[in-house]
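For reference, the chain that follows is the form predicted on its own, supplied as structure tokens.
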């Protein structure tokens, strides 16, 4: 029997509900901890980032106008679909991080639970961030939380699935749309997550996932004038953090880095407060 020819996979980006190749045509080799070849992910370019932001902006108003309950149900459905791919996620994490399958499965289950946890907050934000304000005069005065718009998110290199979900879920559940940059050294869980999202009920353009070099793309995330906020929790290099903050100042971009356990504050960091005055009828 002849030896089977190895099929070397080339993974694509996830933009506007589709899986295009990078317009640059560039890829990079992905290797396991022992150095064996795994796949060729795309090296996203500045043009790919612009396309993703355009898609996110087009989808944002429709997603924000969906009911909070509906958004929560869609996110919960994604968690259900993730649960059906535990073996695939665990295999990719174990291969790239050099950890045991059991440890990898624990991360996948934690990531799924985290997605469910954030989904549950979708219709409860008004209760913790909204208010009826006392005013002097014949008026009702209400404060309600609203989504910021388009948010960029840079995933951490380690905990590539859990860290990515920590960056995406709190952003989109409130009505924002997101452009996420996957871990450079371990992008496969992000690509598999994109496949899950593509077959879920999440509208196209709400979540866009790029793969590539963070040192190359992160400054463009920061300077893009149509990205309203940026989660840089996954960035650890002091020089890159400084460059991001300087570039993001051009459009007063809201830039945050988070530590510790998941919190509603991570959701509210990319929301705004809207105050409404309404006269009291006689």
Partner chain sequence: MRTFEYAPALESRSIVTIGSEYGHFINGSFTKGRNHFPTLDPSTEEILSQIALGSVDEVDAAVDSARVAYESIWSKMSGRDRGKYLYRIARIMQERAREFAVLESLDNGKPIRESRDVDVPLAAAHFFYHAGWADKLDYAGLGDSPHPHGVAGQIIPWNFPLLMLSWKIAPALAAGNTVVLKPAETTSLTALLFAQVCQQAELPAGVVNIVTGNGQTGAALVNHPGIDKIAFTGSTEVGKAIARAIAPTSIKATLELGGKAANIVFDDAPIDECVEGIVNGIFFNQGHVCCAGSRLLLQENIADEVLAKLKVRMAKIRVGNPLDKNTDLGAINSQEQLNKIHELSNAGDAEGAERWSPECELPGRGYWFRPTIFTGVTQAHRIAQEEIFGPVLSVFTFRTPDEAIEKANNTPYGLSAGIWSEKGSKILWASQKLKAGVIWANTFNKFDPASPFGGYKESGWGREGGRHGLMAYLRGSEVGVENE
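Only a predicted model underlies this, so the values are computations on that prediction, with no experimental measurement involved. Positions refer to the first chain, counted from 1.
The form predicted together with the partner chain is left out here; the points below concern that form.
Q: Within 4.5 Å of the partner chain in the predicted bound form, counting heavy atoms only, one of 96-104, 199-207, 155-163, 133-141 shows up; tell me which.
A: Going by heavy atoms within 4.5 Å, the stretch is 133-141.
Q: Would all three of 146, 250 and 279 be in contact with the partner chain in the predicted bound form, where contact means some heavy atom lies within 4.5 Å?
A: Verified in the predicted bound form; spot residues all in contact, yes.
Q: I'd like to know if residue 258 sits close to the partner chain in the predicted bound form, meaning any non-hydrogen atom pair within 4.5 angstroms.
A: Contact check for residue 258: yes, within 4.5 Å of the partner chain in the predicted bound form.
Q: Since only the chain is shown here, I'm wondering whether residue 274 would be in contact with the partner chain in the predicted bound form (any heavy atom pair within 4.5 Å).
A: Yes.
Q: Does at least one non-hydrogen atom of residue 65 fall within 4.5 angstroms of the partner chain in the predicted bound form?
A: Because a heavy atom of residue 65 falls inside 4.5 Å of the partner chain in the predicted bound form, the answer is yes.
Q: Are any of the heavy atoms in residue 79 no more than 4.5 Å from a heavy atom of the partner chain in the predicted bound form?
A: So residue 79 does not count as contacting the partner chain.
Q: Of 74, 129, 191, 116, which one comes within 4.5 Å of the partner chain in the predicted bound form, counting heavy atoms only?
A: Only one listed residue qualifies here, and that residue is 129.
Q: Taking only heavy atoms into account, state which residues of 218-250 are within 4.5 Å of the partner chain in the predicted bound form, ordered by sequence.
A: Read in sequence order, the residues that approach the partner chain (within 4.5 Å, in the predicted bound form) are 225, 242, 245, 246, 249, 250.
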